[in-house]
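Before any questions on binding or motion, here is one chain by itself as structure tokens, the form predicted on its own.
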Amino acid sequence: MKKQLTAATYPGRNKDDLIVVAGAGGFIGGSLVRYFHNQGFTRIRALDRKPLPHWYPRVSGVESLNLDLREKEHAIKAVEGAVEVYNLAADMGGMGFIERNRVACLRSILINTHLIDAAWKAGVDRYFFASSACAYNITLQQDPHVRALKESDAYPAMAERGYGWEKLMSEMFCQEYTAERGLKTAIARFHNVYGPNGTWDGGREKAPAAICRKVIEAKESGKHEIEIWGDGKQTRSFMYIDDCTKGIDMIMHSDDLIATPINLGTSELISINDLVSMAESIGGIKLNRSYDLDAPRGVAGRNSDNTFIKQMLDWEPSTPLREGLEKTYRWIEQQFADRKAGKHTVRDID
């Protein structure tokens, strides 16, 4: 069995070493801050360009800075004194946002360009980049019954326009900073992360949250109808947030994975129609379905081949979708009730 090193067990790493998390005002970044705080790390610097009141629930005792990392000076300030840097900052959202905001998604390359250079100059020991399955060749994703994508399927390159190309190019930055300048980089290609505390409305939410919200809205309104983007036959795999944060930690601290892109996702493939059925079952309701064939739908099918991560870490994300979706549904249900009562709710505001 391979040894699964983490920040807490990595040789020479101390609990008072400074960890920097960029994009900490968002769902995954905020969850990663909480993860390291719960591990006992005492010096965490959280960064995001959103005003602090618009961040996800912040962790007490964490240094939280409002910085726009597309600006070089802000990136330099961000990494001062850091031992590890985790770059989860990007302009992104669900497929609707990605397809309609390609320029904004492409401009995220400025974040990684400035941050990785600043990290190298500051003597940072390890640098993590959050890539995406959108970096994969879209010609391999034209069938809902798609074969799972392995890491080599990113080339020949034909990434999703905008967001996917930014991720692929930023991966190359990480690899070259390792090869030429010696910075230890880690690269994980995320496959559709979901869970409590994620964006659940406003246009940036991903499919699991959007569908849960639509089911809850239908129950509340008494109109037992739901609109599905596309024909509902498109397929995806979805990774629960706790698997994501654990995977980030292990990938970051594997010396065998330096500058090596790796899938981080589940291999449990499901169609959007079946995802709707699962949410209906959790909500205890059956809805009439309509299909918007002109809405953004992304590729026809995408799944994660986990052969490599199991080989390298003797581990893979394993939270069953039904289990994770039920937790997500109940959390969104409470958010919906809180908003109706005039209470504060979580929403990712640009």
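Residue numbers run from 1 along the displayed sequence. All of these numbers come straight from a predicted model, not from anything done at the bench.
One more form of this protein, predicted in complex with a small molecule, exists but is not displayed; see below.
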| query | finding |
| --- | --- |
| Sole residue of Ile272, Ala154, Ile116, Ala90 within 4.5 Å of the small molecule in the model of the complex, by heavy atom | Ala90 |
| Listed residue (Trp229, Phe190, Tyr240, Trp200) with a non-hydrogen atom within 4.5 angstroms of the small molecule in the model of the complex | Phe190 |
| Interface stretch in the model of the complex with the small molecule - options 68 to 76, 274 to 282, 136 to 144, 168 to 176, non-hydrogen atom within 4.5 Å | 68 to 76 |
| Partner contact for Val85 in the model of the complex: the small molecule, 4.5 angstroms, heavy atom | no |
| Contact test in the model of the complex: Ile111 vs the small molecule, heavy atoms, 4.5 Å | yes |
| The small molecule contact in the model of the complex: Phe41, any heavy atom under 4.5 Å | no |
| Arg58 within 4.5 Å of the small molecule in the model of the complex, heavy atoms | no |
